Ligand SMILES: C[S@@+](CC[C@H](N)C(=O)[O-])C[C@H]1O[C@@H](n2cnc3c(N)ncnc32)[C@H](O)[C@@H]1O
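We begin with a single chain expressed as structure tokens, specifically the form predicted alone.
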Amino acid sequence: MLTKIPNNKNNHFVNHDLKPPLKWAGGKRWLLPHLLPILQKFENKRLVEPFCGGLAVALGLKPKQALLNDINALVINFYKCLQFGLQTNLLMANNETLYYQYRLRLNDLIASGNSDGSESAELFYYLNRSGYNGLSRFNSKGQFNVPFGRYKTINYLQDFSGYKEVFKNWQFLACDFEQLIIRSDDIVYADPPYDVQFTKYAKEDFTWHDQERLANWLGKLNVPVVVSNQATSRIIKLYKKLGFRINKLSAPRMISCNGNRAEAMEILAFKNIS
């Protein structure tokens, strides 16, 4: 059973107000009780997330400074627009016809190289909230291809100005993790696409080669590092070989194998953390 996050009003890492603005498959809000005691020791450091995804960890921990990266440029464009206090008048309704009209328009922007800016951010937000299961999925041409969701009701935001102050000292990038410049005053939390069959979260797939490349890059950093991933045997072997300390956790979801249902197991791997 997970412990509750301490309600310490003097701890700037804890944010009780803002929720992640996007739905995100595999989000990490459930991990905060495990991450908070670790990251509290490094509250004066800059938080670096090479795979920031739905932003659950950054918004849950609320660091003063952060470098938040994701290969998904649409996600990063959305967050950058939130930095400027995005407000939208885009019609938002839980309607299948409207969904596919907006998806077509977003893919037109992607194809024409005009997917930066507020229109793309507004469309992406609507598609994320209305699409199936909070997925962010793309085909080999970089086209967003998530189908319409099946929600009874959806709460849409149109005024995102509340995020502006929190995001003020956060930097958002969309690049490969190896391009990030890590400073001596950083702490890195990496939550890559898991070691599972589906990894098509961007135009480029995240393969086993990328899992190894990431692990080796993280292993060479001389700063505190925390990694989460699926607890497959080869992931555990990979990080142990690189000197990481491994903790196993039961995730709040189930996996099915041959008709049997069992708890999904994940790992937290640590390096340069006593």
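This is a predicted model, so every value here is computed, not measured. One rule holds for the numbers: they count along the sequence shown, beginning at 1.
The protein also exists as the form predicted together with the named molecule; that form is not presented, and the subsequent description refers to it.
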request  = Could you tell me which stretch in 40 to 48, 25 to 33, 216 to 224, 59 to 67 has residues with non-hydrogen atoms within 4.5 Å of the named molecule in the model of the complex?
outcome  = 25 to 33
request  = Using a 4.5 Å heavy atom cut-off, state whether residue 239 contacts the named molecule in the model of the complex.
outcome  = no
query = Looking in the model of the complex, any heavy atom of residue 160 within 4.5 Å of the named molecule?
reply = no
key: Any non-hydrogen atom of residue 131 within 4.5 angstroms of the named molecule in the model of the complex   = no
inquiry  = Check residue 193 for me: does it contact the named molecule in the model of the complex (non-hydrogen atoms, 4.5 angstroms)?
reply    = yes
key: 52, 71 and 206 each touching the named molecule in the model of the complex (heavy atom, 4.5 Å)   = yes
message = Can you work out which of 108, 119, 176, 96 has a heavy atom no more than 4.5 Å from the named molecule in the model of the complex?
response = 176
